[in-house]
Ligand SMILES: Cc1ncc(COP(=O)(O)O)c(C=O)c1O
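Below you'll find only one chain, the form predicted alone, shown as C-alpha cells.
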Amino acid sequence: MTASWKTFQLSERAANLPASATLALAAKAGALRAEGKPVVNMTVGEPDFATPQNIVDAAFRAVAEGATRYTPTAGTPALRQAVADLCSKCHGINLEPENVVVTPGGKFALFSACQALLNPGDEVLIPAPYWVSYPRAVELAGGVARAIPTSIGQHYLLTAKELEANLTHKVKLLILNSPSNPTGAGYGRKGLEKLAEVLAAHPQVRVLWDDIYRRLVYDHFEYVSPATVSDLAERCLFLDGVSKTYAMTGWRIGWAIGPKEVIAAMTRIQGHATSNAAAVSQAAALEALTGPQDSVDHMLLEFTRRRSLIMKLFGGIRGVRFVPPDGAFYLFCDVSAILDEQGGTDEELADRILHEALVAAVPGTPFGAPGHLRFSFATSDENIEEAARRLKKMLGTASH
C-alpha cells in the first residue's frame, strides 16, 4: 500500500528557497555517470584526498573510548581550546575557549551567525561573486542580502569606492571570504586597509570573515588577517573549519570565533537547532589541529601543481578568460565572449557542456556572476587534461 498524505502547505521561505547550485550540478553529473557516461566532474568543492590516517586513527580511538554521547553544545573543552590556540596565533589576538563555538560544519556557523546578529530588514553586503549559501543564510534570518558586483578587471575584489557607495544606515554586516569561493581571489593588506577606512565612518557594520581556505594559498599570495588591520580587528566574527584544509568535508566540523556574547548567543541557537557537533568528529578535528601538519603541506603542493596545469590548459580554450587564483582550488572563468557569440546564458552553456562534452562545471549565475563558469581543480591531472581536451574540441582553441 502506497502512503498517501494530505497536501502540506509549505512556508514561503521554504517554497522560495533554491537548491544549492553546486550540489545540484554534482547530482546531474552523478546521474549521467550512473548511465555509464564518462563525465568529468569539476563541480564539487572538496579535496579529492583521503582524510589523513592519523586523524582517522584518532576517531577510532575516540569511539573505543566512548565518544558516542552528547558533548557540550559549544564543543568539547579540548577542541575549543585547540581552536582558540590556533586562531590566536593566526590572527594575533588573545582568544579563550569562550570565544569559540564548534558547529556541525562551517555552513552552520554561517547560519547561526546570521540568526544571532540580524533582525528583520537588516541589510548585508556581499561582494559578488559569492559562495551560493551567503545570501540564503541572510534571507533565512530575515535579513536583506545586497550583492555588490565586481569584475575580472578588479580581480573580483571589493573596492573601497564600491563599499562606500553601498553603505546605508540599514547595513549591519559585510561578508568577506579570502581566499574566495568561487574566484580564489584574496584580499591583500592595502585592500583591507582601504575597506577599513570606509567602515570607520559606519560603526554599526560588522564583518563576517570566512576563513575556510586560509591554509590553501599559493606562493605569490600572503594571507592577511583582518584582525591585524586597524578598524577591522574589533568588527570581525571569524568562520572556519576542517573541511578543506584536512580533507574532512564529511566529518562536518566548523567553528566561529568572536566576542563571548555573540558566541554564547550562537551556542543557544545551536542548542535548539542541532545540539553539539558529532563527538567522534570533534575528536578527529582535535587531532587534525594538534597533530602532524605534513598532510596539509602535501595537499597544497598538489593543488599548486594542478593550478599551474589547469591555467595552462584552460588558457588555450577559445573565449575563456580568468584571473590566476590566489588560493582555494577553483578556476573561475569569464565566458561572456562565448555567450556573446553563441547566445544563451551561462546556465544554458553549463548544461550544453555537460551533455555535449561530458564536463560538469557550475554556472556563475548562482554565485551572483552571470557569464561565468566555475571549474574545481580538486581532481586528478587526468581529469583536468581530459576536460581541457573536450572543451577545446567543443568550443575551439584560443589564438595567441
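The model shown is predicted, which means the values in this text are computed figures rather than measured ones. Quick note: we count residues from 1 along the sequence shown, nothing fancier.
Although not depicted, the form predicted together with the ligand is the subject of the following passage.
Heavy atoms within 4.5 Å of the ligand in the predicted bound form belong, among the stretches 126 to 134, 150 to 158, 229 to 237, 274 to 282, to residues of 126 to 134. Heavy atoms of D326 never reach within 4.5 Å of the ligand in the predicted bound form, leaving it off the interface. Under a 4.5 angstroms non-hydrogen atom cutoff, the ligand in the predicted bound form lacks E287 among its neighbouring residues. Though the partner is left out of this view, G106 does reach within 4.5 Å of the ligand in the predicted bound form, counting heavy atoms only. In the predicted bound form, none of the heavy atoms of T183 sits within 4.5 Å of a heavy atom of the ligand.
Comment: the ligand is not present in this chain, but in the predicted bound form one of T76, S295, T267, N177 has a heavy atom within 4.5 Å of it, namely N177. A single residue from the set L195, A82, I212, V171 has any heavy atom within 4.5 angstroms of the ligand in the predicted bound form; that residue is I212. Along 215 to 248, these residues reach a heavy atom to within 4.5 Å of the ligand in the predicted bound form: L239, S243, K244.
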